[in-house]
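Shown next as structure tokens: one chain only, the form predicted alone.
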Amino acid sequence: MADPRALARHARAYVDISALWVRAAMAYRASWWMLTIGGFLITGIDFVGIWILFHNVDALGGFTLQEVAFLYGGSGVAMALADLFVGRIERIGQMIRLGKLDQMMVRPVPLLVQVCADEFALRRIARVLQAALVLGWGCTYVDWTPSRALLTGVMIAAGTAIFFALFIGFACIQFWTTDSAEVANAFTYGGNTLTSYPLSVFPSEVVKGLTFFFPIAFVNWYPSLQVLGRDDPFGYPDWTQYLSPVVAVALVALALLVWRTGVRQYRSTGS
């Protein structure tokens, strides 16, 4: 993993496999466009619900609609990018049951690359665009400085890596259970739902859990406090607002370790 040339080869293999699936999908352009537009509209309903909520309240957890839009967009873009590039791994249990994983293991391409690139769905870009539009709107209300702009970029990159780790780590449960995709979804998509709102609406005990046990708060909550110029309502020190990259690296390393352990103990479908 530390060899830049090996990483470049793996990235090229991922792009090549993904391109095959994109060309296959584009063979039915009308269907692709309908699915893409439909996905954009369906995911947009989430923020419409928040917008309707603000017709009845002036603030949510002390945050305005524009600030919530920034939180929602930051988490949404990170989640959508991770889902676009590695979301397919959540179906690894199905690959195991059908024997498809066995086929992949004999090919001269890293197994993780094949699993993540398999049936690559470019239509998921709709979710990225929808969240990016909300984030862009929220950004227009931020008092920007160079450091805040840099921190926003770091937030998106680190948040994507955190969701990347969650997708891989929790998908590996299926090496032992073969049918627990919904368990992983509770932490990936469920984590995105949690971070779409200000964590100040939750009790302090929940925020502690989302900080120290299941550190999904580092996707957008802590860096957003710095970007939005808000004090931490729970009194955590300011330096926690810069820890997202550290948390992301640690979670990715842990996820890759879990993946390696799962692959090593895998003993085929037996069929």
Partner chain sequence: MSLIEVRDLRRTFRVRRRDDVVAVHDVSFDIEPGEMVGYIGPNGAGKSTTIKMLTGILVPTSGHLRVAGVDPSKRRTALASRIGVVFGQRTTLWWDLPLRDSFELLQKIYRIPPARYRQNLDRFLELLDLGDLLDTPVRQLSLGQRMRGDITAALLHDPEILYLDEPTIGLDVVSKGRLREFLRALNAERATTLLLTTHDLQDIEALCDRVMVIDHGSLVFDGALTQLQARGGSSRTLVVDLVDERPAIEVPGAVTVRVDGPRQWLTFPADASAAPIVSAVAAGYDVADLSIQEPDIEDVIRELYAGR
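None of the values given here were measured: they were computed from a predicted structure. Residue numbers count along the first chain shown, from 1.
Although it is not shown, the form predicted together with its partner chain is what the next lines describe.
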query = Quick check: do I52, G136 and Q226 each get a heavy atom within 4.5 Å of its partner chain in the predicted complex?
reply = no
Which of 186-194, 124-132, 99-107, 153-161 lies within 4.5 Å of its partner chain in the predicted complex, heavy atoms considered? The stretch 99-107
Next on the checklist: Does any part of A24 reach within 4.5 Å of its partner chain in the predicted complex? Heavy atoms only, please.
Outcome noted: yes
inquiry  = Please determine whether V263 contacts its partner chain in the predicted complex, using a 4.5 Å cut-off between heavy atoms.
reply    = yes
Please check if V142 has a heavy atom lying within 4.5 Å of any heavy atom of its partner chain in the predicted complex.
-> no
Quick one: does I17 come within 4.5 Å of its partner chain in the predicted complex, counting heavy atoms only?
-> yes
